[in-house]
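Only one chain is included here, represented as C-alpha cells and corresponding to the form predicted alone.
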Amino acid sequence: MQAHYLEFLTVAFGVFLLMFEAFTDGKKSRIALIAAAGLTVILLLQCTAPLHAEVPSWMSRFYAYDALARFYKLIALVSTILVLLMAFDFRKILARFTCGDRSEESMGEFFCLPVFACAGLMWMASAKDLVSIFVALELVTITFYVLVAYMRRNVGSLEAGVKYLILGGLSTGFLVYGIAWVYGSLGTTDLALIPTALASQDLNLSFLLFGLALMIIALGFKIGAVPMQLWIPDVYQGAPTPITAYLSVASKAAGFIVMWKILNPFLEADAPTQAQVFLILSIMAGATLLYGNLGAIKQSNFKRLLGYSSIAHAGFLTIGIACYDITAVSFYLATYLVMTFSAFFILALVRNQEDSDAIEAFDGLGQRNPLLAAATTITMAAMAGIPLTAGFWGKFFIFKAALTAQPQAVSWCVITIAFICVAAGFYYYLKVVKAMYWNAARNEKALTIPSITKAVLITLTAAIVIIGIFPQPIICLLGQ
C-alpha cells in the first residue's frame, strides 16, 4: 500500500473504534487491545510501503515521503501501540478516577483518542508546508488536551489539563503569529521555496527574524525546551501515566522533526539567518540543559523526575539541531523511545500496586522482584548514558556532532555544560537504583507483573542492551 494512504487508514480505524465503543457495553479496556492490534497492522504496512512512490498531485503541495518521514512515522506508530498496551494494564487506576468504581463505562474514548493523535503525528512527519504542519500539530495538541485531563475525578489531572490548555493555546498563538511574519517576509509558506525566497534582495531580515523567534518559542513548548518548559513537571505528574509517556516520547519526537523541517532552510550555509538561528538554538540548548538537570536533582517523585529529565534530554537534542545533524537527533530519539517507555512501564506497574509515584515506592524492590529491579537498573543506566546501553550511543552522537560541526555551531561553554549535565544525570537516575538495593522495603509483599507488561519490559530491556552493543540497525533505518 502507498504510504500516503496510511494516515487516512489510521483515521478511519479511529472512527471505527469510536463507533465500536458507542455500541458496546462491559469491558471497554478491550478496545485498547483492538487498537494496538490494528495499529500493528498499519505498522507492518508502513514498513513495506515503497519509499520512493509518487505522491498524488493534489497532495504534493503539502505532503512528502522519504526515509526521514518513514522513520518518524514508525516512532509514532510504535509509541502509540506501547501507550495502548500500557493503558490496558493501567485500567484499574483509570477506572477509579473516571468512573469512580470498578466499571469501565467511561473509559472507552481514552483508548480511541491516541489513534487520532497517531494520525496527526504521522502527518507531521510528512508535512512540507507551514500550513500542513500547523494543522497536523493542532490535531495532536487538541487530542492531548482531552487525554491529559481524562482522569476527571483527580484534582492533579484537572490541574494538569488546565495548565496544558492555557500554555498550549499560548504556544499556538506564537506559532500562528510567527508564521504570519515569516509569510509576510518571504511570500511563501512552502518550505521547499524558502531558500529561493531567502536569496531575494528585497528581504527584510528584521521582520523575518522576529517571525522565526516567535516560531522557535512555540516549538519550545512542543519539545519541552526553555523558555516554554514550565508546564512539563506539573502536567507530567498530573496526567495519566500512559499519556505522560506519550507526551514524553511521541510528542517530543514530532516536535523535533517539525523544528528540523522549519529551521532547515534557515540554517543552510548561504542563508542570511544562519548565524542568528545558531545563536538562539545554542542559548536555548544550554538553558534547557541547566534547567532540566538542576530541577531533577532534588526530586523525590519518580514521575516528576522523569519530567525534569525529559527537559534535560530536550537540551541534548537541541544541541543536535543546532549542529545541523538530524541523524544524531533521530538516533537519540529512537534510543529515548526505548528507554523512556521502559521507565514508564515500570512506573505504571509500581503505581498500580503501591499507589504511589514516589521514589521511596521502589525501596527494597531488589528483594521483592529481582527481575523488575534488574530491568529498572538497566533502564536507569541507559538514561544516564552508561556505556553498553542504548543511551550511551545517543549522547555519543550528539557530542560527536557538537565537536565536529563546521562551522562551530555550539560554543565550548554549552558543550562544557552538557558534559557536567551528563555527570549530574548519574546522580539522579541512580537514586532509584540505590532505593531498590540499599533501602529497606516498606513491605514484604512481592510485586506481580502482568503478562503484557512483562513481555514489553523484556523486549525493551533487551533492545536497550542490543542497541548499546550494536547500534547499526537504527543508523541503517535512517538511510545512512
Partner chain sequence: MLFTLILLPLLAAIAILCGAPARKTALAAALGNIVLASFPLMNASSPNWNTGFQVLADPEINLSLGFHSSGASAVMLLLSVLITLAAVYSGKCPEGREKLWFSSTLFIAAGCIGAFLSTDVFFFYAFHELALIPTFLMIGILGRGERKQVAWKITIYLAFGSIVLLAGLLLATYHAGSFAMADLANAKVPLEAQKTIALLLIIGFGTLISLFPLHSWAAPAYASAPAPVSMLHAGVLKKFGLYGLLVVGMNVAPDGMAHWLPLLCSLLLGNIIWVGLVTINQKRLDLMFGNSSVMHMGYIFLAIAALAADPSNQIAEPAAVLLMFAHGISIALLFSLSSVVEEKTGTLEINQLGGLAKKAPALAFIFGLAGMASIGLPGLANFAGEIMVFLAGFASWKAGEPLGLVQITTIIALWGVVISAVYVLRAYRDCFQGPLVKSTEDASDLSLCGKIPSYMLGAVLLIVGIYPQIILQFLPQQ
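The structure displayed is predicted, hence computed values, not measured ones. Numbering follows the first chain given and starts at 1.
Although it is not shown, the form predicted together with the partner chain is what the next lines describe.
The putative spot formed by 164, 174 and 177 is not touched by the partner chain in the predicted complex; no residue has a non-hydrogen atom within 4.5 angstroms of it.
Only one of 43, 447, 430, 67 comes within 4.5 Å of the partner chain in the predicted complex through a heavy atom, and that residue is 430.
Residue-level contacts in the predicted complex: of 203, 287, 386, 131, one residue has a heavy atom within 4.5 Å of the partner chain, and it is 386. By the criterion of a heavy atom within 4.5 Å, residue 400 is counted among the residues contacting the partner chain in the predicted complex. Remark: residue 392 counts among the residues lining the partner chain in the predicted complex, judged by a heavy atom distance of 4.5 Å or less. Put simply, residue 439 is close to the partner chain in the predicted complex: some heavy atom of it is within 4.5 Å.
Taking non-hydrogen atoms only, residue 27 never approaches the partner chain to within 4.5 angstroms in the predicted complex. Contact with the partner chain in the predicted complex, defined as any heavy atom within 4.5 Å, is confined among 430 to 438, 43 to 51, 450 to 458, 56 to 64 to 430 to 438.
Contact annotation for 450 to 475: residues with any non-hydrogen atom within 4.5 angstroms of the partner chain in the predicted complex are 469, 470, 471, 472, 475, listed in sequence order.
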